[in-house]
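So this first bit is one chain, no partners, the form predicted on its own, shown in structure tokens.
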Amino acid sequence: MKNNNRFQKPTLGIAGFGAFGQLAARHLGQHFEITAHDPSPSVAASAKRLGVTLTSLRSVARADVILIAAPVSSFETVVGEIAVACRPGALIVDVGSVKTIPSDIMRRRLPSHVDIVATHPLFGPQSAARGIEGLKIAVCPIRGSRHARLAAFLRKALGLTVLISTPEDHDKDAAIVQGLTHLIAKVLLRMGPLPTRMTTKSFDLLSEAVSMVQHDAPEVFEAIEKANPYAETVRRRFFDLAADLSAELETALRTPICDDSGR
């Protein structure tokens, strides 16, 4: 006789199946039945390899948990489409690099019968290449109380280090942590090719950091620098301090070096 009480996995719908949507599917496949939506036909092979069913955004929005991995440029449109189709009691989570503006969009556009948690995995496909255990994820409660259960799942099932934050505090830190990393990486890449043989350990670490972000989609840098309300202040301060340092160095180079006799 067929057992109708067998445990059924909860459903997860991923809106946006680019690099991070695929990374999420690799680590969440054993915990959820996954469907995904992405307008690009190029993701079909990856979806098949990961056992993910590609479907419409309306169908994805009917899942128990909806993961929004859409770029900033289409984020509000995607949220609006999810809003008209999501079921009461659904948990909606985003994974963008910026939290203040997306959190406000989700709070305004999504119906009151869903819970909302804004998250930012502080890693990507490059830094997660050897696994995600021990890596960090920011969790920002927006609506409802299920952020605690989500945080527990992320810790226990995925081995992540969970950092509870507000969207504003997240963005203040991210403007420095991500903003400066990507700015420095872009400058160094323009100076390339960089040395690979005659290097120090500190330079090797710097080169490793550059390699982790150099293949990020352009939308990531755009989100970090344009959508983060604190990024411009950090960026201007960084360049101002760099200019001050350059001026100090120019002054030092023009100053004669005296010998021991003071001449």
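Please read all numbers here as calculations on a predicted model, not as lab measurements. Start at 1 with the first residue shown and count on from there.
Here the subject shifts to the form predicted in complex with another copy of the chain, a form of this protein not shown in this document.
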**Request:** Could you spot which one of L150, I132, A83, I176 gets a heavy atom to within 4.5 Å of another copy of the chain in the predicted complex?
**Result:** I176
**another copy of the chain: the contacting residue among R107, R155, H113, K136 in the predicted complex [heavy atom, 4.5 Å]** = K136
**Fill in**
Here the chain appears without its partner; judged in the predicted complex, the stretch of 232-240, 43-51, 57-65, 22-30 with heavy atoms within 4.5 Å of another copy of the chain is 232-240
**Message:** Whether K186 contacts another copy of the chain in the predicted complex should be assessed with a 4.5 Å heavy atom distance threshold; does it?
**Reply:** yes
**Message:** Is A69 near another copy of the chain? Define near as a heavy atom within 4.5 Å, in the predicted complex.
**Reply:** no
**Prompt:** So, in the predicted complex, is A227 in contact with another copy of the chain at a 4.5 angstroms heavy atom limit?
**Reply:** yes
**Asked** Is S145 one of the residues lying within 4.5 Å of another copy of the chain in the predicted complex, judged by heavy atom distances?
**Response** no
**Message:** Heavy atom within 4.5 Å of another copy of the chain in the predicted complex: which residues of 205-231 meet that condition, in order?
**Reply:** L205, L206, E208, A209, M212, V213, F221, E222, E225, K226, A227
